[in-house]
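Only one chain comes next, encoded as structure tokens, the form predicted on its own.
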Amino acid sequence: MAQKIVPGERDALVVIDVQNDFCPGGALAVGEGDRIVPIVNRIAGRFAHVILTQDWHPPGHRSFASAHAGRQPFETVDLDYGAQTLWPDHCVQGTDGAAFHIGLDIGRAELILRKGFRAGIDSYSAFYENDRKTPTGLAGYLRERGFERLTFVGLATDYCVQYSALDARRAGFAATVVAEACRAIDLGGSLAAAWSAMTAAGVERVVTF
């Protein structure tokens, strides 16, 4: 059954990284990533306030496997801010891969938050860089706007959606993730671990909205 909530003025929809490189044919494609686009558009139509995030890496970003001699994508390395999964080059600033999916309705977005633009550190969360200390400024924006409840959709469930939802709770916001409007990478059981972590943090999981 659909979630029986009518979003109000203190609710915002946060659409995470629905970009070409995370969709089929992209550099870091999430299986069926493009299938969520019409679902996200439908859900967005129910919200007065919509925020988009956009991965926005400079060339040679430190999280790219190509920046580490002899390393391959999806290996893990220890960096000064902790363990880092190495990724294929993706969402490079100004490229078609970094652009939003052509079917995504972005016209009503009140904020587009770019993340991952610091060359030396990755950023999964919409709230913090991966050092878990450097803020993006989103929490302050949301508080100044008076938002209290955030609903998350997008890519990928077990990485940027999860980290964003967990940090929303950490920042004091109510958080919901709509499962049908997300897709996962699921590396080594990461999807199940993500749902477990989100549930433990008080993130509400709904199947549809």
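All residue numbers are counted from 1 along the displayed sequence. Not measured: the values here are computed from a predicted model.
There is another form of this protein, the form predicted in complex with a small molecule, and it is not shown here; the text below is about that form.
Asker: Honest question, do 12, 127 and 169 all end up within 4.5 Å of the small molecule in the model of the complex by heavy atom distance?
Answerer: Checked in the model of the complex: no contact with the small molecule for any of the three.
Asker: Of these, 51, 43, 156, 36, which has a heavy atom no more than 4.5 Å from the small molecule in the model of the complex?
Answerer: Only one option qualifies, and that one is 156.
Asker: Looking at 160, 150, 142, 178, which is the one with a non-hydrogen atom within 4.5 Å of the small molecule in the model of the complex?
Answerer: Partner contact (heavy atom, 4.5 Å) among the options: 160.
Asker: At the 4.5 Å heavy atom threshold, is residue 194 in contact with the small molecule in the model of the complex?
Answerer: Close contact is absent here: in the model of the complex, residue 194 is far from the small molecule, nothing within 4.5 Å, heavy atoms only.
Asker: Would residue 185 show up as a contact with the small molecule in the model of the complex if we use heavy atoms at 4.5 Å?
Answerer: Contact check for residue 185: yes, within 4.5 Å of the small molecule in the model of the complex.
Asker: Can any non-hydrogen atom of residue 21 be found within 4.5 angstroms of the small molecule in the model of the complex?
Answerer: No, residue 21 is distant from the partner.
Asker: Of the listed stretches (142-150, 52-60, 65-73, 169-177), which one has a non-hydrogen atom within 4.5 Å of the small molecule in the model of the complex?
Answerer: Among the candidates, contact is made by 52-60.
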